[in-house]
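Shown below, as structure tokens, is a lone chain in the form predicted alone; questions about how it binds or moves come after it.
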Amino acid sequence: MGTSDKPHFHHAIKFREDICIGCSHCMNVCPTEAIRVAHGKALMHPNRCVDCGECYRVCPVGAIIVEQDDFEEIYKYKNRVALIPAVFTGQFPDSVAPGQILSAVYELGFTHVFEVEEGVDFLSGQFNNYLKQHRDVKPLISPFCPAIVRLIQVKFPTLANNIILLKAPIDITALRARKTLSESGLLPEETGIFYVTPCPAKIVAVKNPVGEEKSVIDGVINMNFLYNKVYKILRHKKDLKEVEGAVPLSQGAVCWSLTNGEASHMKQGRSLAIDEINNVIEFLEKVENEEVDGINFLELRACDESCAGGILCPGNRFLTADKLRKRVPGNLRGAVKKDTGTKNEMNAFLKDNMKLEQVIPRSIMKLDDNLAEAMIKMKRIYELNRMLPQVDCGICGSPSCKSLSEDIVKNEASLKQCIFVQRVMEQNEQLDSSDSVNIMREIWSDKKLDRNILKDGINDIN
């Protein structure tokens, strides 16, 4: 990381150097080219990472982990609230009723449970009002997926003003829960709200929110972790009763976190839903280049099948999505009943507290604060990239020839790291072969270039 790259973001994705084998799988799949290899280990550029979790999916040795809150943190509070997204109930077998899942969550020590999508019907109305009021901005982009918000900040900064400045359902429901419990006589300082997350990006959205100083949520629980604890209870308590007291959800609310969940609610103009981060990048490039016209609203999700495909979801994403689409509206039970007499007062409270501050662009391509110097560096990157072989082999420790060019200009790499450049320099007697080996050792470590290990392996094969 260069000296000018002061970290902007908190990250839930962490690299275990003691486990990493420097295989470069993570580097090759990172959509923002946030990973390099040096000294045989994967290294993250923190200002490029958007916590999408693609690296986590492909690591063969478990060297990439998701940092989360300790479950014991819930016991610091007298009133322990779980915010359960609909995709959590979709992880379980069809034989398990949603109300039983909720009962098991209570068994773990939570005193109150709210389903995240409880605030969706209110939110969809606010989204449509926002679209009406901002017709001059096209396309408006949903703030639902925090990995996408960060992606726009770092890779498409010119589109930051297109992000809708309204809070996501988890924040709306957390506000609703805190106000409801406070009005029932529970002390706010004794109430802790914990969100069950399907992905690392939403951990970051709580720890380091974009558009607000501090999240109303107190902690985050890994969905895979909670699933295992709940499923253990369900296995040992076959007669677990469903919780009474309905907090009904509409079918649209249940499916909000799935692909097309938001877009299907938008009544103003043309809407489009795109999932999987590389698909999103491809489409945003078209938007940025003004190749797309006539779209009023974009629902963009980093994961394939949206939240059902989050890396912390234990179930199959397609089965989860299918299950939620077939779920009977209103069949999940909760402990807090809605008071219809105060509905208008609650909606007014949410309207007053649901707005976000402007999303600030944080371009990964900022080369210098001085515009003239930045232009000179940009030209140098172009020249270096043209000279390189364009095979994107990754042997230099950077994911592509273009990224190596950028690293060189930022004084974070050397042109000699390119193995093709090394061969040319050796032929021209500008570089000794032993120097080439030493350069490769700096990138890939002594172990990978151990002559004895390689020699013995070759002999065994022969």
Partner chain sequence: MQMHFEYSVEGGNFSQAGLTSSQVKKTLKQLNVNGAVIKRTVVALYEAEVNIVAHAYGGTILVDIDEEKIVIELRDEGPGIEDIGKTMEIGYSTATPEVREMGFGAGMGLSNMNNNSDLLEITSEVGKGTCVKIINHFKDDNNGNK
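Owing to the predicted nature of the structure, the values given are computational and were not obtained by experimental measurement. Residue numbers count along the first chain shown, from 1.
Just so it is clear, the following notes concern the form predicted together with the partner chain, a form of the same protein that is not shown.
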How about M378: is it within 4.5 Å of the partner chain in the predicted complex, going by heavy atoms? yes
Using a 4.5 Å heavy atom cut-off, state whether E285 contacts the partner chain in the predicted complex. yes
Even though the partner isn't displayed, in the predicted complex is E242 close enough to the partner chain, meaning a heavy atom within 4.5 Å? no
Look up in the predicted complex whether P157 has a non-hydrogen atom within 4.5 angstroms of the partner chain, and give yes or no. yes
The stretch from 181-189, 370-378, 310-318, 119-127 that lies within 4.5 Å of the partner chain in the predicted complex, judged by heavy atoms, is 370-378
One residue of V391, A348, I360, M365 in contact with the partner chain, assessed in the predicted complex (non-hydrogen atom, 4.5 angstroms): M365
Checked E72, E290, D352, D94 for heavy atoms within 4.5 Å of the partner chain in the predicted complex; positive is E290
Could you list which residues of 120-151 come within 4.5 Å of the partner chain in the predicted complex, counting heavy atoms only? none
